[in-house]
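Just the one chain here, the form predicted alone, laid out as structure tokens.
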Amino acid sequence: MTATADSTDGSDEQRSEAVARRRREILEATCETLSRKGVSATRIADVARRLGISTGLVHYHFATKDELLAEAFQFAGKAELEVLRELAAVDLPPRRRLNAVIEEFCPRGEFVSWRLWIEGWAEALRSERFRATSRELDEAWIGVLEDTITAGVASGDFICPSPHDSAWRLSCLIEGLAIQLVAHGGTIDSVEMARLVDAAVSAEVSGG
């Protein structure tokens, strides 16, 4: 039997695991490339070079560049969303848990994930697939924030008339400040952003 580009000797399960592992490696490399080069400048060859594999192997897993980029954006967003959900489930005092969720969402380090988010939002203007993914992930993130605030209200630690409205306002503030910090470099710094976000949280959620 002739092996496919990513098959290995062994069971179907082993082959399936090998394919899944390779797809994940390609998606991770694509996310890293996208955050540095942007959507328009990223090529299949860039991803292949980063992994030391052929472009043919990338195409074996992803038929087109558009498919690869869209799946990479979704892959990165879902990974970050899972981290936020895990933080929201940690047994901490409500305000500390809320702060942990917000801190995780805010830009830090070299802004790799936020560069990717901003690229994805820009591409959503042209791509229905990017638009659907962006909307889905954004609503999910706001849902995590709303649930975290709601839990604090239920425990009696927070006073917040509408966790839903507060979550939307806080999300829009964080995203807007993140764009100023990451895309406009110098308009605002991380310290000032943290101060503004903390003041907004205190205004939206009293107690805790």
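All residue numbers are counted from 1 along the displayed sequence. Predicted model, so just to flag it, every value in this text is computed and none were measured.
Below, we turn to the form predicted in complex with the DNA, even though it does not appear here.
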Exercise. Which residue among 54, 150, 180, 171 has a heavy atom within 4.5 angstroms of the DNA in the predicted complex?
Worked result: 54
Problem set entry | Proximity to the DNA in the predicted complex, single hit among 50, 164, 61, 36 (heavy atom within 4.5 Å) | 61
For this session: Please run the contact check for residue 196 against the DNA in the predicted complex: heavy atoms, 4.5 angstroms, yes or no?
Result: no
Problem set entry | Any non-hydrogen atom of residue 45 within 4.5 angstroms of the DNA in the predicted complex | yes
Problem set entry | Partner proximity in the predicted complex: residue 19 to the DNA, non-hydrogen atom cutoff 4.5 Å | yes
For this session: Heavy atoms, 4.5 Å, the DNA in the predicted complex: which of 171-179, 152-160, 139-147, 63-71 makes the cut? Say which one.
Result: 63-71
